[in-house]
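Presented as structure tokens, the chain that follows is alone, the form predicted on its own.
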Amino acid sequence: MTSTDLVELAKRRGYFFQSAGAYGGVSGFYTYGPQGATLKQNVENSWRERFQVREGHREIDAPTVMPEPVFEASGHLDTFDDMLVECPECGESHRADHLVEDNTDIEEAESIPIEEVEDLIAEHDLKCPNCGTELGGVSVEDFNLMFETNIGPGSSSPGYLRPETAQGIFVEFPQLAEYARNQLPFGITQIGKAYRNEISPRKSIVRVREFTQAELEHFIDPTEDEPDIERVADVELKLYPAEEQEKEDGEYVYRTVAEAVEEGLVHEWVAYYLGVGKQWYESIGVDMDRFRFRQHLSGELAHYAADCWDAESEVDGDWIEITGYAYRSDYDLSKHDEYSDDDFTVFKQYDEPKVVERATVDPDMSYLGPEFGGEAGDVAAELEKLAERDRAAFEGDEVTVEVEGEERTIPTEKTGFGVEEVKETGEHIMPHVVEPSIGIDRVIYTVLDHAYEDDVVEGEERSYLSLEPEVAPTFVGVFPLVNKEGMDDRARGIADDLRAEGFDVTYDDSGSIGRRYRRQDEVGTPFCVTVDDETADTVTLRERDSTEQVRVPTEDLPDLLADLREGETTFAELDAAAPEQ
């Protein structure tokens, strides 16, 4: 199946389509139709159940617009860039690293410095995909992906659309830590929109300017907290480490989660979530033969990540990232602690109080005041910080501190430096963060692509989506064989009863029964119920993938469908138990 086939099917059957088509469309923005919106909701709920509910985490919903200082602290204003090359002839902008990847054997050009990308464009005589103009010699520039806006009238309060949902969690950490009673570890999830002003959106919902993320920020004490590896110890991972990627004949490494941790291939917390993630991808229909975990090369690591592995799926011959698993250490919290007026640490209580030596200062303000004037208070504050981090600085006759970029020297005897014993009941620590960040739209694209199947039924070609019942937007279709003898009324009644039981149901009485089956097959509906005139007490239940049918009592239908949806039974088992027709 090509990407063109999938996009055409998605539009025809109401999964997704380009937004604002009546006005010519707008690149990088997509609308989910009735089937797609439900599929998206089902995937999100499935993620929520696995990564939040079962892991004991909690969810928040933060704004999509935040003030500029948040992104100054996070580093996004300085480092959130992609490589842009602009055609000198037609003016079209392109991702320079994508041009290299699409036209050479290089897979991860994002990790290559800009100067080398410029050389590769010239070396391979790469041309503008829009007009064919040669791009060799054209400069490649950094382009910041942030969408800028203003908060309130005028331009005095600049803000940005969030490029990730994570910052909405980090910036509220002091309040969230209170809700968690300052007890580590704890996790916060969020599902919502994020925005990136992509240079060249492509492959429909794979690379867009507005997208949905499902993110978990798991706050831990790096010195004490360990994941419960036993829960996923035997999950086998298909790993593509950085060192293998750098070899000409690099190969995948197959390890269980426990083995990957024991051998030091993957950080233990990241490995734990790789195991959780693989189980989840498989449950929603990602083909494990077209799936891998790839470690980021050093040149492509995000500014906040100490280590990162991507879950990648193969679609239409390309590998796409569907999830990033990052160990963000204390980068985010320490930055917000530095830039904001709040405290982003938690107080860690000792089991028993400890007697420790603490360096203190008691500056002689009668000296500092006349000597430094309005800076006296700042000098005193800097002396206190210096005493905490470097006692040796007070061993000489003079002490030097820096205030607003200028050095200030004070006689040691005027600092009131001393060391005293104090009893401490605990200490303030900066938590580290483990982050699984899922791109919901890319997961949906993967699920649809991997679910697409072709076969021949009764001499006729058939295309269908073999979606897992857990995520299929419609779970069961209900049809009357014909619209007479009360079959349509009975079918409508069954459809209403099943909806009341919580099933996603579609009713269809248009066209031949075979055509109705094909419509539901193509949209991915796992089961169909047909009402005929054989008996008023039974119906025919049809399974999508095999097209097999079994006759079941009407009154048992809700329980049977519930068991099929929850995996308590299979259609094959149901068919084998049915009486001979």
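Start at 1 with the first residue shown and count on from there. Keep in mind the model is a prediction, meaning the values are calculated, not measured.
Beyond the structure shown, there is the form predicted in complex with another copy of the chain, which is absent from this document and is the topic of what follows.
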{"query": "Heavy atom within 4.5 Å of another copy of the chain in the predicted complex - the one residue of 298, 366, 409, 175 that qualifies", "finding": "175"}
{"query": "Site check 223, 252 and 308: each within 4.5 Å of another copy of the chain in the predicted complex by heavy atom", "finding": "no"}
{"query": "4.5 Å heavy atom contact, residue 131 and another copy of the chain in the predicted complex", "finding": "no"}
{"query": "Proximity of residue 571 to another copy of the chain in the predicted complex, heavy atoms at 4.5 Å", "finding": "no"}
{"query": "Partner contact for residue 555 in the predicted complex: another copy of the chain, 4.5 angstroms, heavy atom", "finding": "no"}
{"query": "4.5 Å heavy atom contact, residue 518 and another copy of the chain in the predicted complex", "finding": "no"}
{"query": "Option from 412-420, 238-246, 165-173, 224-232 whose residues, in the predicted complex, bring a heavy atom within 4.5 Å of another copy of the chain", "finding": "165-173"}
{"query": "Neighbours of another copy of the chain in the predicted complex among 505-533 [non-hydrogen atom within 4.5 angstroms]", "finding": "508, 510, 519"}
